[in-house]
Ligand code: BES
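Quick heads-up: it's one chain on its own, the form predicted on its own, in structure tokens.
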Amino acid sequence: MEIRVVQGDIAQLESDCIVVNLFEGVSAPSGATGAVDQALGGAISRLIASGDFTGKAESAALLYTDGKIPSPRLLVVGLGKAEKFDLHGVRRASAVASKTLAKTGGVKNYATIVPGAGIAGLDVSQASQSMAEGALMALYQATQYKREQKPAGLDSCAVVEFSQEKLAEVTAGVARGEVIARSVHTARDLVSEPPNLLFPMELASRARKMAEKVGLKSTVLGEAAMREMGMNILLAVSKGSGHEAQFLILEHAPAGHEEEQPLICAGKGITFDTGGISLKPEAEMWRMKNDMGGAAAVIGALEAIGRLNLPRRVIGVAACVENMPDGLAFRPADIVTGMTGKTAEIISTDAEGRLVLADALAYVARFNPSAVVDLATLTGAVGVALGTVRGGLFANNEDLQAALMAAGERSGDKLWPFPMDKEYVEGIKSDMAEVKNSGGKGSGLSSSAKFLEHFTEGYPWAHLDIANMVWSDTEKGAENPKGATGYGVRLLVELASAI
């Protein structure tokens, strides 16, 4: 769907449908909604008085204008209680509008005001960004391998701003939101792909093609280069696969920022995880195509950061590997040595994500980073703890943790912090090596993060366990259709914009 910004009175705009908004409990519409109500002879007021529409969040009512205004349809979207309305409310209301109209047969184009930019007092540019994000994210459809394709839905959306003084802010916000939403779709596309088509070399290839379009510097290390560098912990995971592992490096360094300390984002890119010799149960193994959700988030975020040309240096790395159980596969009880000389004992080959990240975290020390954030679909335990509302956050630096928490709240990719007490190391102590990759069920969720911390090299670092967030079996609000969520893209872009 194309989004454009126009200046004018939405009541006088000709479109298949216009969209206005209403807070819960309001009996007399004001602002743009009030102007449309007046033009329609009080139709919205009568709808409210009937009790059929209260303005509850995520509700919508479709009215027909009977030729009283140029547009034949009017959609009124509920915003919920005014005192609780925020940028996420904007995103959700916009998603409700586009999703509702996409299912309305006669609507291909619609016009809308920016919810919250008026009476709610939200920042105009931020509200406009959230509106664009919600409108586009709600319409996402995964690439289908079917001969009959679903109809495309909506063609265009006109964002209408009455005030000439606010027009530049609305335009800038919409443009930013459109870039971010389309980058979320990039991550969703990657996570949705079947593993026979998206193996490590293909994932790296797609990322490099994106980088070329956007203007990012890209480098891919193959197994020979990784072996020469001593990345033997990562390479152990790849031993059972017929697909060669790849280590992807993407860099955004705009003019004047080439030498500054970068923010580094590192993603786990297990394109399919059978569990290896520690084989997973058959019933749910198909889900493991999403085990590269961390890498997908990094790739999507770097795409957005490059297109937005954020004024800071950001580097994204992704360890792209397939974990398979053939006769050469690594085994429980193996001991492997990483690129810094640190050793790890393998207890479970299904705890492979922390292994590929161990060498990734060692590798990025060469950049003297200002901060490193890794994203990984690491544990099932994080979903037991948090459900599907927030990702898990583990950090060795309070300022970085605070920045990530704030970025999560603003972006909608929310996080929750977990402890990093030194006692959690006890669960991963090995009799044979420096650490072991699993302490078993009794060692605690934080022990997985302590394993990763062992391989960090003196920089501020945070680990995001997003295993519970990258895929949803049901719609998670109007802006998140069933399937791949693209979680992490908005979070990383917001973090890169803020620190």
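Since we're looking at a predicted model, the values are computed, not measured. Don't overthink the numbering: it's just position in the shown sequence, from 1.
Omitted from view is the form predicted together with the named molecule, to which the following refers.
Q: Kindly indicate whether S241, E322 and D334 are, all three, within 4.5 angstroms of the named molecule in the model of the complex, using heavy atoms.
A: Negative, none of the three is within 4.5 Å.
Q: What stretch, of 187-195, 213-221, 104-112, 378-386, brings heavy atoms to within 4.5 Å of the named molecule in the model of the complex?
A: Flagged stretch: 378-386.
Q: Does A253 reach the named molecule in the model of the complex if we count a contact as any heavy atom within 4.5 Å?
A: Heavy-atom contact with the named molecule at 4.5 Å: absent for A253.
Q: I'd like to know if D273 sits close to the named molecule in the model of the complex, meaning any non-hydrogen atom pair within 4.5 angstroms.
A: Because a heavy atom of D273 falls inside 4.5 Å of the named molecule in the model of the complex, the answer is yes.
Q: Does A467 reach the named molecule in the model of the complex if we count a contact as any heavy atom within 4.5 Å?
A: Output for A467 is yes: heavy atoms within 4.5 Å of the named molecule.
Q: Taking 4.5 angstroms as the cut-off for heavy atoms, does K268 touch the named molecule in the model of the complex?
A: Answer yes; at least one heavy atom of K268 falls within 4.5 Å of the named molecule in the model of the complex.
Q: Which one of M229, A371, A403, A351 is close to the named molecule in the model of the complex, taking close to mean a heavy atom within 4.5 Å?
A: In short, A351.
Q: Which pick from M288, M339, M201, I277 sits with a heavy atom within 4.5 Å of the named molecule in the model of the complex?
A: Contact with the named molecule in the model of the complex is made by M288 alone.
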